[in-house]
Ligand code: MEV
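Below you'll find only one chain, the form predicted on its own, shown as structure tokens.
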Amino acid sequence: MSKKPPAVTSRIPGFYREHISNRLRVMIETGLLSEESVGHLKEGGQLTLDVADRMSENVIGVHGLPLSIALNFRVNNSDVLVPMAVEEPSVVAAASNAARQVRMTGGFFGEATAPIMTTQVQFDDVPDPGRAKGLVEAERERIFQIADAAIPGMVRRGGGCRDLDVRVLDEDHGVLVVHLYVDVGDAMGANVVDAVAEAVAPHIHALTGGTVGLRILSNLPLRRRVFVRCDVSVDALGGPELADGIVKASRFAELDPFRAVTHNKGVMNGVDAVALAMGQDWRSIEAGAHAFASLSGSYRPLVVWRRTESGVHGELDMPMAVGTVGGSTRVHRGVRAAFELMGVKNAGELAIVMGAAGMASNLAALRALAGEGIQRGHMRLHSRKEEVLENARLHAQKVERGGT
């Protein structure tokens, strides 16, 4: 992780008890926020209608979500504030609590692979798919030249086409697909690789024959992955029985896809909340995660936990296509503020923090299941929502009676 100013710490005890104005003051005191972002957050972080209209279609208003900060995260030896946009209070509280436990043994450690996205060019009715496969593979350097010519800006920034492979999906019907693997730098990369697919399709078609089918990215970027690991002590977890329970719950997810999907939902609680706050394509991340979990032929957990002498050791492995440039990262003032607070400098760092958030969310869920049960903690936080609803109802009744 990029080094942050010494004054910045993610360990802020009692933060949740502070009035929102005091929480904002603490964020401002980090020195990370620009004056524009400070003003935006002080105004409530509202997305203006004119910006919303440029971001989407048929806009009639703005639908808000709370922007929160998950605390206590230490990732690759640096403290990091983790913005989350989510309506569920237990997601933020649980991730922060689990991060505090992990922090006691050094925090999270991770690495991200090179930002290689996958795009597909599909063909139907290819007369001789086996021969066509060999012809395409023999032309790989020429195909790379055409691909790079379609994305000159990305090539200038150090990206470009890195590899290809050819798959025959149906010999009898001549279905063939070419995968191109493109380094997209700090972008999520969807538009980049779509441009590559469109550009190379005519040349490949001349080699294969048949008819050109789809030319589009795959949301299963197997060459763009994030790996995160951590250790948690028995004392931090609350005793050996809780440590054993976490490991047994993890093993349950490895044995049973019905449990694994809920296990992974816990991971995505954290990942998606950060993705929304950071302006990422959370739908793409979700699709890739669940497809990756199914690659073995049986749906598997994205995070596994193993017992150690001192506690538990966890490892996360999942695809993570995220970007620090493009998309909403420049248009949305709230997203810009979130980037300032997190302090990541590239897409790889962002992927690692998001993986850590997913891991923390999963750990918190397993610890709750192994201990008091998930419902008790949920309902304690849900009571805050009910209080807000009840206050709103009483206010509405007062207004109807002519009060103020």
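Keep in mind that this is a model prediction, so the values were computed, not measured. One-based numbering along the sequence shown.
Another form, the form predicted together with the ligand, is not on view; read the next lines as being about it.
Exercise for the section: Verify the contact flag for R224: yes if a non-hydrogen atom of it lies within 4.5 Å of a non-hydrogen atom of the ligand in the predicted bound form, no if not. Expected result: Taking the distances in the predicted bound form, the answer for R224 is no, it never comes within 4.5 Å of the ligand.
E111 versus the ligand, in the predicted bound form: is there a non-hydrogen atom within 4.5 Å? Answer no; every heavy atom of E111 is more than 4.5 Å from the ligand in the predicted bound form.
Report task. State yes or no: in the predicted bound form, is some non-hydrogen atom of S218 no more than 4.5 angstroms from a non-hydrogen atom of the ligand? Result -> S218 lies outside the contact set for the ligand.
Query raised in the report: With a 4.5 Å heavy atom cut-off, would you call A337 a contact of the ligand in the predicted bound form?
Result: No, A337 sits far enough from the ligand in the predicted bound form that none of its heavy atoms falls within 4.5 Å.
Has each of E88, R259 and T262 got a heavy atom lying within 4.5 angstroms of the ligand in the predicted bound form? Yes: E88, R259 and T262 each sit within 4.5 Å of the ligand in the predicted bound form.
Could you tell me which one of P301, P115, G279, G266 places a heavy atom within 4.5 Å of the ligand in the predicted bound form?
-> Of the candidates P301, P115, G279, G266, G266 is the one lying within 4.5 Å of the ligand in the predicted bound form.
The ligand isn't shown here, but in the predicted bound form which of M359, A365, I352, M342 has a heavy atom within 4.5 Å of it?
If I apply the 4.5 Å criterion carefully, the residue I get is A365.
What stretch, of 125-133, 308-316, 266-274, 138-146, brings heavy atoms to within 4.5 Å of the ligand in the predicted bound form?
In the other structure, the partner sits against 266-274.
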